[in-house]
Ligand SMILES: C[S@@+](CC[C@H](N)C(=O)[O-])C[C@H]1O[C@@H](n2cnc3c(N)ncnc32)[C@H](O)[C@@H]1O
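Encoded as structure tokens, the following chain is the form predicted alone, with no partner shown.
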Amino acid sequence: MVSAAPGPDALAALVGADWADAVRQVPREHFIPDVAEASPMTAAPSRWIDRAADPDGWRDAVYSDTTILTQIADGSLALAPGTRGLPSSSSTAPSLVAAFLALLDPYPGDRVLEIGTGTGWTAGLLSARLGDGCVTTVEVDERVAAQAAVNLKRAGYAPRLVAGDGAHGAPVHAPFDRVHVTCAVRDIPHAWVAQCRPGGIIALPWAPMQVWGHKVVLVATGDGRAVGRFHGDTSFMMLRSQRPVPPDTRGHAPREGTARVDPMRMTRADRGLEIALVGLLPGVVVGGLGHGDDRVGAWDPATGSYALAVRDEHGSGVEVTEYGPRRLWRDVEDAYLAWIGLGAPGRDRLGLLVDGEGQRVWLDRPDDLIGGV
């Protein structure tokens, strides 16, 4: 007997009871191009899917827990086998979509602002749950937005679709009860807080140091602030206007030195260190944390300073190379030791506060801030 091809019911079982009906009402196949790159959430390698050449393989990917890459290099390169470029749009794996929708927890009648339309599938799910008139979705890429509109129409939905930089939200259509963010940010735009009703929720991927970030839920307090906590790990493409600037050491002579602190103490630390460094080292990007590696790099775009600390294979010494005017490695060590002095708090004790001055990290309660803006 030939087994039936997978369909929406397969994803309904994956996302859970709250969103199962929406998944059945908005078949994902309407939002996936005929040729794309599929990356399963399992350990299986990525593979190309082609609806014409292998319709069963294409459908298997569409109705499984798979992220499907739909654009590279902001559309300047064709998505095709053998062509490599920075991933710039995708249909996120259903389990990740469901995790953020669960954090968002919209009620009937809630008005939702979505940042990052992508293929439009999540906007379709929100429309099925709340109604087209309650959903506004913003997409920075006009070609992606145009295709999403086609996809949504094909599925039978028509939420308000705005082409623009999601960092600005959609002020003309505010206020919103929920803000659903489908791209990672390093700095949380205050516009999202300002456009959220008191008591409203902002659910987003926050990646202050690297692509591997944190699920965050903020609640608007009604006075221009939002406070919240962390809900585990996640990884998403960055908001285009906040893509990281790579270190550039040209024009700076290297300085060699040694370290006081073994970088492996940092790379094996709880992820609370990464969060605390946002407050203790504002504006600095520290790479390598959480991976257990033998090196840590730090980059300060404001001064052009860069530092790399590398532990030797015997663990008997750490060589430091620095560029630019700032003694950056010393500042990284001081910040790490300050975190130790706080009791090395883990992520479960930390939270975020966002207001008109920026974002700040707090310890145990929102009025106990770590460092400055």
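In this text, all values refer to a predicted model and were calculated from it rather than measured experimentally. Note that residue numbering follows the sequence shown and begins at 1.
Beyond the structure shown, there is the form predicted in complex with this ligand, which is absent from this document and is the topic of what follows.
Participant: Name the stretch, out of 246-254, 181-189, 194-202, 274-282, where some heavy atom lies within 4.5 Å of this ligand in the predicted complex.
Facilitator: That would be 181-189.
Participant: Would you mind picking the one in L101, V286, M266, V140 that has a heavy atom within 4.5 Å of this ligand in the predicted complex?
Facilitator: Contact with this ligand in the predicted complex is made by V140 alone.
Participant: Can you pick the one in D293, D165, D132, D262 that has a heavy atom within 4.5 Å of this ligand in the predicted complex?
Facilitator: Going through each option in turn, the one that passes is D165.
Participant: Even though this ligand is not shown here, does F176 get within 4.5 Å of it in the predicted complex, heavy atoms only?
Facilitator: Although this ligand is absent here, F176 would stay clear of it in the predicted complex, with no heavy atoms inside 4.5 Å.
Participant: Decide whether G120 counts as a contact residue for this ligand in the predicted complex under a heavy atom distance cut-off of 4.5 Å.
Facilitator: So G120 counts as contacting this ligand.
Participant: Is F236 a contact residue for this ligand in the predicted complex, using a 4.5 Å heavy atom cut-off?
Facilitator: Result yes; F236 sits at the interface with this ligand in the predicted complex.
Participant: Heavy atom to heavy atom, is V217 within 4.5 Å of this ligand in the predicted complex?
Facilitator: Because no heavy atom of V217 falls inside 4.5 Å of this ligand in the predicted complex, the answer is no.
Participant: Using a 4.5 Å heavy atom cutoff, which residues in 86-123 contact this ligand in the predicted complex? It's fine if the answer is none.
Facilitator: Contacts from 86-123: S88, S89, S90, S91, T92, E114, I115, G116, T117, G118, T119, G120, W121, T122.
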